[in-house]
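What follows is a single chain, given as structure tokens, in the form predicted on its own.
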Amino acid sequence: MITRTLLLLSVIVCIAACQPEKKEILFPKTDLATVPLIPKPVKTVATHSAFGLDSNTVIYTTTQDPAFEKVGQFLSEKIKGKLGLDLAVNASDSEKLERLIYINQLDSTDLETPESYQLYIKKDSIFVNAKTAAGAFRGIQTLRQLIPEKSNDTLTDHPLWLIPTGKIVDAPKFEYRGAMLDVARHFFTVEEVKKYIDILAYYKYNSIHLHLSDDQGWRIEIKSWPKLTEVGAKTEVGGGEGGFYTQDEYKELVQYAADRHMTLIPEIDMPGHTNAASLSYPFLNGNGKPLKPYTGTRVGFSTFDARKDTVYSFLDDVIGEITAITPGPYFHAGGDETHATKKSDYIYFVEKVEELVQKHGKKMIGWNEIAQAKLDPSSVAQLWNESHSAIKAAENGLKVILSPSERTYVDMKYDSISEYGLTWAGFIPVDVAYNWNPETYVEGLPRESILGVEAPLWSETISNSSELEYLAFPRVIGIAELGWSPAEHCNWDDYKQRLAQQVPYLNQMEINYYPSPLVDWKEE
């Protein structure tokens, strides 16, 4: 390993030493500060020249940590997909090399968080410095945004893509930046979820939360309780065929997210939103009413029996199987809209489930209603509709994820003529989704209690990627910036100009985004 590292360093030195002998290409001046980056970095310093990306560019990485080499491979694949350039990663042959991208593991106090990175761009080299591979991965998302769509081949005898020179120093505002996808009301395929993960990663999200169960469907294989998918997965809103992920498919999604340095968080909603589970195994039912498949959108009518020991034996198995194939730290236990559960039963249930989650080595997340229970400070409350619940959770030592429905519920309609979406939380046009400060939004909630932000997308009105994208984009792009960038950088007039210039990427990814009239979209 040491020998290989020394070899790479010698190659870098050789490239640097040989550069003056080459004929210098005079690039037109470019301004790093004007590139429409989202999220906006903490600090950008432009030096008004350019790095010429071309077929003679190579990528090198720190080799002590294999994860850094994977980041280099990921960057190479994305450049090839975008430009057609096939850039070698950690190649030993340096004879034809002219320009260098180096992804460097650096233990520096200037890199304050695991996702912090530094990006140094010179005429002949680009350095991405980070303590961790996650930080390096965030850095290369910025680099991807700096690469222009079109080459400027008037400067040389071959295509050259000009990247502005300068320095970017960056770090996230919040530790947690998530997006939730409801695959229970309507089922989404593995490929559809992967596409969503890809786009989220581009804008520096680090968590994907899958809502895997609800009244309308159960979406993950539980081998010890097979009827959950044999019966509970057969329905969805509107009467479609439903579906579910096998455990192998789920593990595939976990790994796909991990490769993009995103944590997958599974949610089994309970004790309410449980009709599909109780239909599969009627002993779970606690509302005393006849069970039948449900394909509507009403909420609050179902509940588990909170006082039955066999319910907790069932949940022990379910939580155990899911957490065994979920390497991330969290398990989301739902807990919202439990109108059919007595308050005393609800509190008892939440506390019992927290014990089960902890037994299996995870931290419990729940919607803000869980703050009624006496919980361990390791658990997390997710605010969606009652600010006082978030404050109570914080007073009891819990961290809080902010998902205020009137700002972050991207399943709400943009306006009265939106093609998809609901309206119970109000219309959420693009500016409303962006124009709020998570650090001060809940009066009385300490900044240190905020774990981060999440953009939930419930699927009552959507059933495929195109419809999903219409609701999610561009609103989740703005929420990405709210989770990452300093508050002083989050300015609507500035942001909408940068958002307008995301069209090439949105088109390249074939994203069916909503072309809000509030934004002057820059078509290619």
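The shown structure was predicted, so the numbers you read here are calculated from the model rather than taken from an experiment. Numbers follow the displayed sequence, beginning with 1.
Beyond the structure shown, there is the form predicted together with a small molecule, which is absent from this document and is the topic of what follows.
- In plain terms, the part of the chain that comes close to the small molecule in the model of the complex, with a heavy atom within 4.5 Å, is 333-341 out of 193-201, 248-256, 333-341, 353-361.
- Proximity to the small molecule in the model of the complex, defined as a heavy atom within 4.5 Å, singles out one entry of H273, R138, R177, R219, which is H273.
- Checking K173, R185, H261, R407 for any heavy atom within 4.5 Å of the small molecule in the model of the complex turns up a single hit: R185.
- The shortest heavy atom separation between E454 and the small molecule in the model of the complex exceeds 4.5 Å.
- In the model of the complex, D411 approaches the small molecule with a heavy atom inside 4.5 Å.
- When contacts are judged by a 4.5 Å heavy atom cut-off, V299 counts as touching the small molecule in the model of the complex.
- Looking at L85, you'd find every heavy atom of it more than 4.5 angstroms from the small molecule in the model of the complex.
- Proximity to the small molecule in the model of the complex holds for none of W225, Y281 and A306, with the criterion being a heavy atom within 4.5 Å.
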